[in-house]
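Shown below, as structure tokens, is a lone chain in the form predicted on its own; questions about how it binds or moves come after it.
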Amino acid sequence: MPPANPRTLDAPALRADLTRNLADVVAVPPTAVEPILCALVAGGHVLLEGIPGIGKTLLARTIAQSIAGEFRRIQFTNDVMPGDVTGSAVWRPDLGRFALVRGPLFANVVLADEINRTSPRTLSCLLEAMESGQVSIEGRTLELGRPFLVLATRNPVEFHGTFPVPEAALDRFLVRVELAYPEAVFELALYGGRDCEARLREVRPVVDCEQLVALRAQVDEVAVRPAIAEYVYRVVQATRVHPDVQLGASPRAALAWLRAAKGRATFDGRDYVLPDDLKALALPALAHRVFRRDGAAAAPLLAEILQATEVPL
């Protein structure tokens, strides 16, 4: 059955269909799926952190296939140059001139694998494209795909041959999702089922790119009431004054948190943000933007702040 018209798209049903497609292919817990789908509909990018072999590539490919989009993968190493990512002009003897060869960024879903293995110059090129949705090649400015989603991966346990990812770079990702070993029920189902590639080939699109872009426009119209805005401010302000925090959440971090919450509200069929939207996405949207003095993970501290902050009725 073809996807519905964008004007009549059932967002809650779409979330259920996307979740089912992902569950059929890769063993990712629902708590990790929700922020990824919220970023997809909100127009943000995702940082996936986890060891190799837990399905990050399959996850990205399933999302691309579910939205009838083009998928490309970039394997970052320390010798990858900006032109390898964006594309470049190459000499064509048969044409007697330079011809533009577009890089792997020209897709709807791009898996940027192990971004901490590439040089700061190449990483900066990727981040600029993520921010603006366009690249410059040989003096020409070219638009990237619509929609354009980057799922970047970082292996948290390897340090040899890697570069630190700066705080400003982490801030470009709408959400960060930590993927651990799957739960026993998911992993056992994986062992006893069909091959993942076979399941991926059976995935059918549940929305197309044009409809997804139209749905993103609906996210822009989701209302944030004054009491909700005040709640967001109190939480981010608490991260700035906490004695254990070296760098608290910025206004851009607060806006990203709200953007993700608007995506969740859209999937629920609402045109307004609830405190539950914010609480569900607080850790994925803020934990990689708050830095403690002792270098420990910010998630437990954020959980304490959320628990202590009064929620508007």
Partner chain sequence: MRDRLLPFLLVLTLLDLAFVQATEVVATAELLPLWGLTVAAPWLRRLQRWLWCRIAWNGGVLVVFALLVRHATTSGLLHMLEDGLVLAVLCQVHLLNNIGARQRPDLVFFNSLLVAFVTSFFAPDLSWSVLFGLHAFALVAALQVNVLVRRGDAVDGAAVRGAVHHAVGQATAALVLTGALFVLLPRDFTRQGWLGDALGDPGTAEAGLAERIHLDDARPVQLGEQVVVRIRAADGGEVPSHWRAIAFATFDGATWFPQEAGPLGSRFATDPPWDRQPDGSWRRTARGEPGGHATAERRFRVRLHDVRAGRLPLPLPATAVHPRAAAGVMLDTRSFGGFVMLTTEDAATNAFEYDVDVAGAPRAVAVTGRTRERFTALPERGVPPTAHALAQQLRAALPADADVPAIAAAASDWLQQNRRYGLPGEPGFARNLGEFLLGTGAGHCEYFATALAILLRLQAVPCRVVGGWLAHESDATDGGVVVRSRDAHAWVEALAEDGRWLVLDATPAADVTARRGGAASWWDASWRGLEDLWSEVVGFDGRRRADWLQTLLALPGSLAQQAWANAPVLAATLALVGLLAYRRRRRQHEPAIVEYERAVRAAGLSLLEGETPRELLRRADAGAIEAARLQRLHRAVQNHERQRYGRPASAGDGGTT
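This structure is a prediction, so every number in the text was calculated from the model and none was measured. Residue numbers count along the first chain shown, from 1.
Missing here is the form predicted in complex with its partner chain; even so, the following discussion is about that form.
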- Message: Give me the residue from Leu179, Val165, Leu144, Val222 that has a heavy atom within 4.5 Å of its partner chain in the predicted bound form.
- Response: Val222
- Query: From the list Gly43, Gly50, Pro275, Gly69, which entry has a heavy atom within 4.5 Å of its partner chain in the predicted bound form?
  - Reply: Pro275
- Query: Of these, 93-101, 214-222, 183-191, 125-133, which stretch puts a heavy atom within 4.5 angstroms of its partner chain in the predicted bound form?
  - Reply: 214-222
- Item | Contact label in the predicted bound form: Ile228 to its partner chain, heavy atom within 4.5 Å | yes
- Item | Contact label in the predicted bound form: Lys279 to its partner chain, heavy atom within 4.5 Å | yes
- Is Arg270 one of the residues lying within 4.5 Å of its partner chain in the predicted bound form, judged by heavy atom distances? yes
- With the partner left out here, if you bring back its partner chain in the predicted bound form, are Leu306, Thr309 and Leu313 all within 4.5 Å of it by some heavy atom? yes
